[in-house]
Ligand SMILES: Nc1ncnc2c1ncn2[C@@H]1O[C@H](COP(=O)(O)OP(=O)(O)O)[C@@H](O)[C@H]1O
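Given next, in structure tokens, is a single chain: the form predicted alone.
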């Protein structure tokens, strides 16, 4: 496959100023005061994106995700290293980036198009499609300084996807739009995937990465700590970043906990639709710990079926081996394979103490002919 994005040994440093002078007078009176230090926003980043590949980038705030994208898009120049691109690129960086607030939405469409190398005639040809997708026909001649955050996103995304780039770069901005428009954007991204375009997607939403990405990269403190299959990278993201093997909860209690295995009494994870199921989660803890147990169920395509309450069910772990039994009284799922993620969190549900992605997979057998995920068994009668 052809390499579309090649990031090689890229590092980016910023200067942090302490006691920086705010006026010429202060600089003249105190010429030697004030200090600076270097901050490594990115450190020796290496990865490649192939033609038609969708890559998700995950990490905490301050991990270097946005800095990396700005370097790829040419907004920032790396301190060292090289970035090579093949083909045209359209980017949605932070909210409102590239917009001139005093200009109307219409003028900004043409301005953004010109920045991407499009002539006015070319933008004329796709202008109606941009307005239709953004659903801003009544506001297209309004100055964008009066736009809401959702309107910014609509216009920026509409321009980016309608100029038909070879590479689409999206930095977290989709989280601003309403759910209906987010779904519309995801549908367009799927169309891009079918057309063989390359996509870089920065998000905090692991569900989105699981659903649409072919691969995932995890950044932490400006360093690349994972680059591989989505499930593996999400495991590292959750286990290493959200709750490492040794974690402290809000009370300051240290916990060293691992989820070892998920087993069933029968030895089989096959179950018929409508029947119940029980399974055991084997957990090892170095010390006593009181927290909550949580569980997620996903389809193989990455669609969330069920997630237990953020605060989960209370568990009191003792030093050594522990077993948590999970009972599902009835499984209303239709035919298919469903993946289970399990974990232990603190009592507030805000800190992950231990996590295991794809800890088990359930095979549901259904004899009916209905489509979808869940059997609703509606009662239908004619009045």
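Because the structure is a prediction, the values reported are computed rather than measured. Residue numbers count along the first chain shown, from 1.
The discussion below concerns the form predicted together with the ligand, not included here.
This chain is drawn without the ligand; in the predicted bound form, the residue among 62, 319, 314, 332 with a heavy atom within 4.5 Å of it is 62.
Contact annotation for residue 67: at least one heavy atom lies within 4.5 Å of the ligand in the predicted bound form. At a distance threshold of 4.5 angstroms between non-hydrogen atoms, residue 41 is in contact with the ligand in the predicted bound form.
Comparing 322 to 330, 353 to 361, 337 to 345, 53 to 61 against the ligand in the predicted bound form, the single stretch with non-hydrogen atoms within 4.5 angstroms of it is 53 to 61. For the stretch 130 to 158, the set of residues having any non-hydrogen atom within 4.5 angstroms of the ligand in the predicted bound form is empty.
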